[in-house]
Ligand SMILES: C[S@@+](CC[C@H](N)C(=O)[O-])C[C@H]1O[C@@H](n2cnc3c(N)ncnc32)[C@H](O)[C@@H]1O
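Single chain ahead, by itself, as structure tokens, in the form predicted alone.
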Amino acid sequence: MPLISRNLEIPRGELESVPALAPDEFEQLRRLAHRTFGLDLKPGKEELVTARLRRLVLSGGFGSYRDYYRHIVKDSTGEALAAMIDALATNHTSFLREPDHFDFVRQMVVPMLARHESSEIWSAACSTGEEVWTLACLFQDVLPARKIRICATDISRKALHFASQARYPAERCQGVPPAWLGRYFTPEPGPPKAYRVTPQIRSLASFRRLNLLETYGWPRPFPVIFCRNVMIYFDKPTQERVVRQLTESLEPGGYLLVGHAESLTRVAHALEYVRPAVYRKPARRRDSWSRS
């Protein structure tokens, strides 16, 4: 049974006709979310999960959350699981979020990249794209003669589509420096008022769907990986698994930047602490894991 788009307008009264999750239904979905994409839904999140999934339950014609769960498990196409991930994923971000990270890029990363004609960095949880375009504008400002590309990934198809369109309502562009807004954004016909990233800047990024819990590989390691504000949704074993794979995707001496709420303290890893939320892969690979 194909699911109707979750963007379909459904009257609030109809949505509220879907009963709240029963404890066993919540446990089924909690385990599925943890197993498939690492989301750690702790007890107390029942109301949140009910609110985010009831549209899919109703539009799909399921009699209960239990029937909906069975459909996801049996769906060999993966579409039902992807729709659930889109519904549960949190995609909150903004331009120049945690600005000291971009100061660090200017001070420490740019001189490193300037030694090469071309480089590629990875935005590993790009959400709706503001981080990607912030980086693209920054590199276009400071390294215009270098070919710097940004590989952007996320597990949410909805977020990736939004990011690749690169069109943002005016209120979401309030944090963009005026010089960038004039140089790298084009006003879109409205109302509502909106801006779109210029083709020149859009050409610096590519997007693909990627689940950080799955095994993945890249043609070459990255000098810099941004993976911010996603691991807060993982439990400790999942965090260690994700950090291990990210470390393997870094070149020696490369940097991993995480969210400021995501200190790797008490998480096993093989990285050197540089400053809050910034870690470096040692030039020589360590034989044992450490705790910072």
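What you are looking at is a predicted structure, and each value in this text was computed from that prediction instead of being measured. Residue numbers here begin at 1 and follow the sequence given.
Another form, the form predicted in complex with the ligand, is not on view; read the next lines as being about it.
No residue of the trio 106, 119 and 249 has any heavy atom within 4.5 Å of the ligand in the predicted complex. Heavy atoms within 4.5 Å of the ligand in the predicted complex are found in one stretch of 211 to 219, 111 to 119, 137 to 145, 182 to 190, which is 211 to 219. Looking at residue 91, you'd find a heavy atom of it within 4.5 angstroms of the ligand in the predicted complex. The shortest heavy atom separation between residue 59 and the ligand in the predicted complex exceeds 4.5 Å. When the ligand is considered in the predicted complex, residue 152 lies well away from it, no heavy atom lying within 4.5 Å.
In the predicted complex, the ligand sits beyond 4.5 Å of every heavy atom of residue 256. Contact annotation for 208 to 234: residues with any non-hydrogen atom within 4.5 angstroms of the ligand in the predicted complex are 210, 211, 212, 213, 228, 229, 230, 233, 234, listed in sequence order.
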